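Presented as structure tokens, the chain that follows is alone, the form predicted alone.
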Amino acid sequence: MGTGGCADYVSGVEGTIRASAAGKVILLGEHSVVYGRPAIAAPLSGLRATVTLTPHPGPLHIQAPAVGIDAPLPDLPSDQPLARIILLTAEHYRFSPPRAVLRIESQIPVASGLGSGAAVSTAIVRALAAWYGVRPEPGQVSALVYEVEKIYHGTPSGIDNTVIAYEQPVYFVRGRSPEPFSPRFPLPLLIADSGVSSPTREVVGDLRRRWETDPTHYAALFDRIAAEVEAARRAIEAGDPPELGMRMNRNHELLREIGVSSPVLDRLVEAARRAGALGAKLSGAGWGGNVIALVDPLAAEEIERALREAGARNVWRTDVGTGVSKTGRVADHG
């Protein structure tokens, strides 16, 4: 695989470094991907996490207002996710954490299935590498971020760190190299935030317990999801939006069968479909989080209105495609 969205940056330590990473959306295949089946995911270039490193005389100081952290690195437990990715990156590149303030800001809602944790970790790796003049390969970034995904999710599939580190759409099977793909047509999506947090670790753990109780039943459901993913990939490559929408709809019904949907998600899916969406489904772990709808751009406004009336807290419009991570020096300090 190529370098995807890995950006150019200026090396050195004199100035402030800013790096960002996109969120992600799973188009089809969540949950079953943990059990060896395929999934399709893509970056959301319009929703990003940004990390800024500014020179500071003391030890690395972390500011993450969204999660209430404002503390020097030594004051955080080594297994705290932000501390962990910093320490892993420093160890990997064999340098000490810089004397700087590391500030994290993100447009990506937390616990909503859009890859917030992986995006923050990726932006941190990119910023630290740029500080020391290193150009990280996406595969290296992905491997580092995956270690922190274990803290967030317990048994992650690896799809979040892969699609975000490479910043391009991928067909993903756990244990194999991700395969990038380019849609033959734009994929206009509406992403509707249910307003309910999606506790990924709990949802994944609950499903694993049920799978352990009845592996044959769940294996059959996972195989049916895999068939929808394969058909969706063919639809994307053939330029057939209605077919893709149908596969998304079927994927959602299977996610309901495996027990990861919820009344609020089903209500949003139904509202999108009734308003004219080509397809709609939950995206991410489930129980809360987001619904995605594939839309005709001419109908997007009406579908967005229907989603809001059905209770969506926020609705974002985006086109799935290849993004470019933004990394660069924004100021100099003597």
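The numbering used is simple: start at 1 and walk along the sequence shown. Predicted model, so just to flag it, every value in this text is computed and none were measured.
Keep in mind the form predicted together with a small molecule is missing from the figure; the text below concerns it.
> Of Leu82, Val204, Ala100, Val229, which residue is found within 4.5 angstroms of the small molecule in the predicted complex when only non-hydrogen atoms are counted?
Replying inline: Checking each option against the small molecule in the predicted complex, the one that comes within 4.5 Å is Val204.
> Considering Thr162, Ser194, Thr89, Ser157, which brings a non-hydrogen atom within 4.5 Å of the small molecule in the predicted complex?
Replying inline: Checking each option against the small molecule in the predicted complex, the one that comes within 4.5 Å is Ser157.
> Of 28-36, 56-64, 301-309, 269-277, which is the one stretch near the small molecule in the predicted complex, taking non-hydrogen atoms within 4.5 angstroms as near?
Replying inline: Of the stretches listed, the one contacting the partner is 28-36.
> Would Gly289 sit within 4.5 Å of the small molecule in the predicted complex, counting heavy atoms only?
Replying inline: Answer no; every heavy atom of Gly289 is more than 4.5 Å from the small molecule in the predicted complex.
>> Would you classify Leu47 as touching the small molecule in the predicted complex, given a 4.5 Å non-hydrogen atom cut-off?
In response: Judged by the heavy-atom cut-off of 4.5 Å, Leu47 is well away from the small molecule in the predicted complex.
>> Against the small molecule in the predicted complex, would His153 count as a contact residue? Criterion: heavy atoms within 4.5 Å.
In response: Answer yes; at least one heavy atom of His153 falls within 4.5 Å of the small molecule in the predicted complex.
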